[in-house]
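The data below hold one chain only, encoded as structure tokens and taken in the form predicted on its own.
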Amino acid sequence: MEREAIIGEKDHSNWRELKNRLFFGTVVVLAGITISPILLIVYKLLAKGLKQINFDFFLKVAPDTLQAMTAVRNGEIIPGGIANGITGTILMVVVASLIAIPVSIVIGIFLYENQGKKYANLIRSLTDILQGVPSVVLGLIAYIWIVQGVTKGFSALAGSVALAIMMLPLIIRSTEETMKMIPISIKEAGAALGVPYHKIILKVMIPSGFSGLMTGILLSISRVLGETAPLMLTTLGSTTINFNITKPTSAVPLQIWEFYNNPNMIDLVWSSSLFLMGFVLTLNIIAKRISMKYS
């Protein structure tokens, strides 16, 4: 009887080990299926886009149709690059950040300090609704507000406003959640020392939540970097490098759309997409490192 019990227990242990292995194998297979589209996209971008990556790609503006057609016919690399798109993207992202970050942090702190109050709940609900609004609608709003009302024409400022509106919800909610994670004792210690309320926020709460705040900011920037629809309604695009926010400018997503509509510039579509993916990936890695270092 004792021997049979030992054998039965051993069989049961072997069965459990077999089930664990089957479950682990299933998880590995499903995880591989999940990430396979990403790997295929990265492989395709590298295979198609690397041949156009050179110094001219970053330093020169986009070529015209004749230059591209001549290069394609001769089997050469398409001359020019996306310098006007890179500078336009950086310009609009910087302006959008200057608009969105201070406003978002203030609103996020307000929501944290007034939890449960009707007005704060209303703002929180509106923030969640804004996060779900399609980007083309926000571009239309910026068109009505800025293009028609302020600059009287397409401009980088209008595109920046559209991107800033898109950045607001993510930074607001990340700010509120970051403030909730800070121990209340830190705030109470500042108050006990007689520190004014605004200094507690500026000198204690915000530095303590730097990791979460910076992560939310970088992720919001990553989100708007690839937006095309709102920029089509606000910035129009430009064939030259422009740093005047009241004038039309280009952006990398806009250039990708323009290249796609020109059969002679398909190679630039892959290269521009590879650059944009690398830029966004870099920002996400930086956000992760900041979160790990200052958490």
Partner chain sequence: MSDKILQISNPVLSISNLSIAYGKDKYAVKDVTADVKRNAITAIMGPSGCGKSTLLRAINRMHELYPNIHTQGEIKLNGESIYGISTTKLRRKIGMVFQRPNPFPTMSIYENVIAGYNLNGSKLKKSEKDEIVESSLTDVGLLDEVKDSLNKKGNFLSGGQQQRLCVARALAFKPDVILMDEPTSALDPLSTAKIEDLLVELKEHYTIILVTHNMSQAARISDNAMFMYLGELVEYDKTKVMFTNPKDSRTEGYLTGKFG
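Small disclaimer: the values here were computed from a predicted structure and weren't measured. Numbering follows the first chain given and starts at 1.
We do not show the form predicted in complex with its partner chain, though everything after this point is about it.
J.: Here the chain is shown alone; which of 80, 169, 190, 212 has a heavy atom within 4.5 Å of its partner chain in the model of the complex?
T.: Going through each option in turn, the one that passes is 190.
J.: Please tell me which of 127, 222, 208, 97 lies within 4.5 Å of its partner chain in the model of the complex, judged by heavy atoms.
T.: It is 208.
J.: Just one stretch in 83-91, 191-199, 173-181, 130-138 has heavy atoms within 4.5 Å of its partner chain in the model of the complex, so which one is it?
T.: Selected range: 191-199.
J.: Do residue 186 and its partner chain come within 4.5 Å of each other in the model of the complex, heavy atoms counted?
T.: Residue 186: contacts its partner chain in the model of the complex.
J.: So, residue 204 and its partner chain: in the model of the complex, are they within 4.5 Å at any heavy atom pair?
T.: Because a heavy atom of residue 204 falls inside 4.5 Å of its partner chain in the model of the complex, the answer is yes.
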